[in-house]
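Presented below, as structure tokens, is a lone chain in the form predicted alone.
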């Protein structure tokens, strides 16, 4: 009996020494995302005017279509690898999840969502506004413009990677999200994701109507509605905070029982 109690106490002590979240991984992914955003912007600065004005020139094919092919190859591959990993490594016994480990997973989820929000910010603010400015100056002769190749086929698929990934992480590793569907979470992930199919309607409209680049036209309403759905992250964070407070309460009770048992 005493040996078992000593072992449990030792395990609990080791558990407390572990970090509350995988901050190193989150910092590394955040830096990688920032580096990618800087790369895209520098690429635009170097090749937009020199090779991005005429889609029929060989220089356009070498610079911009090569970038497009890389994006359409690498990012979907990251989708498959990341989402498959989250699914196949899911916790199959969430009923036995300890409060401290559950709390760690909530912190990891918040970091996951932070990276998602960072990607959405770059896509829908910086690169989206840049896209409008570019098309007010340069008349497009193709759907694959220098601004579109980065915005629509780079930054947006990238935030889909982290949006769906964070949803899968919560659904496969946290009891609350595994047993119930969070409406704010669904809105915050599905809304921006649906901007991708809306691109077809957008390109069709620009191909048949000259609207360079009045954002108030109905052609762009889908971007606004679905882009604003990311504001549901506020409601999601409130849900997460409430769940974390509940877990902290259970953790405090567990610690009190542990101390009393040791005495």
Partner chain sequence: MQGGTSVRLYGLEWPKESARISRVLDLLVAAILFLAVSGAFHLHYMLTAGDWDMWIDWKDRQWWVTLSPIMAITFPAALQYVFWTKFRLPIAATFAVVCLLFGQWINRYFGFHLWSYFPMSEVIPALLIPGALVLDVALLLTGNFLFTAMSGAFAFALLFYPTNWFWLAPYRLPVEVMGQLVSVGDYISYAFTRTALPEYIRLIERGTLRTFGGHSAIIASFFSAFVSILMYLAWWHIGMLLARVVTTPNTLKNFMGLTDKDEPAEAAQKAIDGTSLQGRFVAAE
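Computed from a predicted model, the values in this text were never measured in an experiment. Positions refer to the first chain, counted from 1.
Omitted here: the form predicted together with its partner chain. The next part is about that form.
| message | Considering non-hydrogen atoms and a 4.5 Å limit, does its partner chain approach residue 89 in the model of the complex? | response | Looking in the model of the complex, residue contacts with its partner chain do not include residue 89, since no heavy atom lies within 4.5 Å.
| task | Consider residue 66 of the chain shown here, and say whether it contacts its partner chain in the model of the complex, taking contact as heavy atoms within 4.5 Å. | result | Output for residue 66 is no: heavy atoms all beyond 4.5 Å of its partner chain.
| request: State yes or no: in the model of the complex, is some non-hydrogen atom of residue 20 no more than 4.5 angstroms from a non-hydrogen atom of its partner chain? | output: Residue 20 belongs to the contact set for its partner chain.
| task | Determine whether any heavy atom of residue 209 comes within 4.5 Å of a heavy atom of its partner chain in the model of the complex, and answer yes or no. | result | No, residue 209 is distant from the partner.
| Can all three of 117, 223 and 245 be found with a heavy atom no more than 4.5 Å from its partner chain in the model of the complex? | Every listed residue reaches its partner chain in the model of the complex, so yes.
| said: For the stretch 162 to 191, I need every residue with any heavy atom inside 4.5 Å of its partner chain in the model of the complex, listed N to C. | reply: Those in contact are 171, 172, 175, 176, 178, 179, 180, 181, 182, 183, 184, 187.
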